[in-house]
Each structure stands twice: as structure tokens, then as C-alpha cells.
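In the block that follows, a single chain appears as C-alpha cells, in the form predicted alone.
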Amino acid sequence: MTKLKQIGPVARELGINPKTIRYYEEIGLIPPAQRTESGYRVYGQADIDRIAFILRARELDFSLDDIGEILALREGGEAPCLYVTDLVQKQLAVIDAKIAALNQLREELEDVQRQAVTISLDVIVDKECVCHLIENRAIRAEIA
């Protein structure tokens, strides 16, 4: 017989807040929990494994909708691996775009830092400008 665990111990075992488990139940990612006679939620190992799967998928930055689709495919008798492969391709494209944007931002900040070293005190105290380092960047961006 499978040992059932209440929500608190399950949450501690998985390193999450019990509210997260209730939320996953509310949105249908996990089936409604069994209840004790006094109304406490209890979970079997299959439930715990499913929650652990959801948490791992979230670590990979899959959305809750995507996770729901993966679980629905599996429950429908289909292997969700092709769907997951598509998701991974999309995730990689998003990550690559973010990396490119961050690299560009890094280059701009390094340029600002180089300018800061050479900026004269007269420019720093110029009352017509809030900060030349930032404003000069905006002017260069408009020209480019």
C-alpha cells in the first residue's frame, strides 16, 4: 500500500511552498488531492513525482501552459518528446536573442565606462545636462 503524505511534508520534500501545490491543483496540472476524513490533502508517490516533474520543467523555463500540454499529451497516450523538442528549439532561440542583446548592452556600458575615465570636470558640472555619459549615448544611438 502506498503511503500518503500531507501537503506540508510533500512541500518540504520538494522545497516549495504548499500554496504552489494547491495552485497546481487549482489550474489542473495535478489531479485533485485525495482527502483525509478531516479534509486534509494527501498525496501518493505518483502525485509527488508529477509535482517534481512540473518543478523540473519550470527550472527549464517552460511555461505552465506548456507543461500542461506535455502532461496532456502523455495522458492521451502520446509521447510528448516531439512537442518538447519544439519547445526547446524555441527556448534556445529566445536565449540566443537575449544573449546577443546582453552582449550589445555590455559593449555599450564598457564604452560609457571608457568615456567616464576621460570626461572633464567642466562637462560633469554642466548645468544644461543631467549626465553627458547617458545623453551622449542617446545622441549616438539616434545617429546610428
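Numbering starts at 1 and follows the sequence shown. What you are looking at is a predicted structure, and each value in this text was computed from that prediction instead of being measured.
There is another form of the same protein, the form predicted in complex with the DNA; it is not shown, and what comes next is about it.
- Heavy atoms within 4.5 Å of the DNA in the predicted bound form map, among the stretches 85-93, 45-53, 60-68, 103-111, onto 60-68 alone.
- Interface residue remark: Leu4 is not counted as part of the site for the DNA in the predicted bound form, having no heavy atom within 4.5 Å.
- Contact annotation: Lys98 falls outside 4.5 Å of the DNA in the predicted bound form, judged by heavy atom distances.
- If you take 20-53 and check each residue for a heavy atom within 4.5 Å of the DNA in the predicted bound form, you get Thr20, Arg22, Tyr23, Tyr24, Arg35, Ser38, Gly39, Tyr40, Arg41, in sequence order.
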